[in-house]
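Next up is one chain by itself, shown in structure tokens, the form predicted alone.
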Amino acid sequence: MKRSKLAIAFALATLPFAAMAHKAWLQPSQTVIAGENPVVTVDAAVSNDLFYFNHVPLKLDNLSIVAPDGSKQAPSNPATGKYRSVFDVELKQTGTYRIGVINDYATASWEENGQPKRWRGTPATFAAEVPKNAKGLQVGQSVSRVETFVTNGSPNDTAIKPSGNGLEMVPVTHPNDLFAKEEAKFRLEIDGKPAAGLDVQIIRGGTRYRNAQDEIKLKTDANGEFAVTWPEPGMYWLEATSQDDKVTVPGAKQRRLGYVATLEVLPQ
């Protein structure tokens, strides 16, 4: 029994950090659909396993749904429970929808009356809510995007054009035109410029039922591009992170950038 416990402890200690970290994601009920006014349901969660909601829900405060013509659309039937949030998207237009939770937070920590204080909020409310002369004040900024794509009928590119803010993925291969054993290409950009040399991690869902994460590890080239050949059909989680000093919050010295996408790969 002791040897068994030691072996388990050693195995957990040697797992890569990404394998143990909580993962944020959106998962649509399907990504390619056709019909008159179809609807997809989207789960939103932060979990240990892909794509199983077993930790906390992903908040929908900053949910963005961009329709095929570039207009913004509100979700239907949004709700947040113990382990997940959920909402419907009515696909009234033909084309590709971009669905994402986009966060731009300021963070701060300081000491007040001998006690540590922590704060998180928007850059717009930072000045009013954080004492600028606080003892030991440390300020940071975090910009992240968690998204997925759904196409009704024929795909188009209007909704998936980059905003030019933060870390984003620009599809070279359309994100709803992915097939097992075929290569797909994407480009990562930071504030609209190619993000060279970034590490990209891709993990197929269903990690709850296998012992290995089976990560695909890639790196962007000088143009911010990377290519992946999908080993098999399924839902895939893609993540990239970076950091720089291009902050918009007074007093902040570092901006953390994160990008996550859920992509569905179909059989041949």
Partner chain sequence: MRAKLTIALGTLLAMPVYAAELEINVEIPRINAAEYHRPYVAMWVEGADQKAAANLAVWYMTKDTKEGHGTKWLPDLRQWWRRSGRTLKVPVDGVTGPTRPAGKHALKFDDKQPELAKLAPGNYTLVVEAAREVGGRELLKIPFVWPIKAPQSGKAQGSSELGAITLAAKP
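A quick note: this is a predicted structure, and the numbers were derived from the prediction, not measured. Positions refer to the first chain, counted from 1.
Not on display, but discussed next: the form predicted together with the partner chain.
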Can you tell me if F179 lies within 4.5 angstroms of the partner chain in the predicted bound form, counting non-hydrogen atoms only? yes
Considering non-hydrogen atoms and a 4.5 Å limit, does the partner chain approach E232 in the predicted bound form? no
Might A227 be said to contact the partner chain in the predicted bound form, defining contact as any heavy atom within 4.5 Å? no
Given that the partner chain is not shown alongside this chain, does E36 nevertheless sit within 4.5 Å of it in the predicted bound form, heavy atom to heavy atom? yes
Contact at S64, G166 and L257 by the partner chain in the predicted bound form, all three, heavy atom at most 4.5 Å: no
With the partner chain left out of view, choose which of G153, G121, P75, P162 has a non-hydrogen atom within 4.5 angstroms of it in the predicted bound form. G153
So if I measure heavy atom distances to the partner chain in the predicted bound form, which of the stretches 42 to 50, 212 to 220, 236 to 244, 26 to 34 falls within 4.5 Å? 26 to 34
Considering only 239 to 268, what residues come within 4.5 Å of the partner chain in the predicted bound form, judged by heavy atoms? L266, P267, Q268
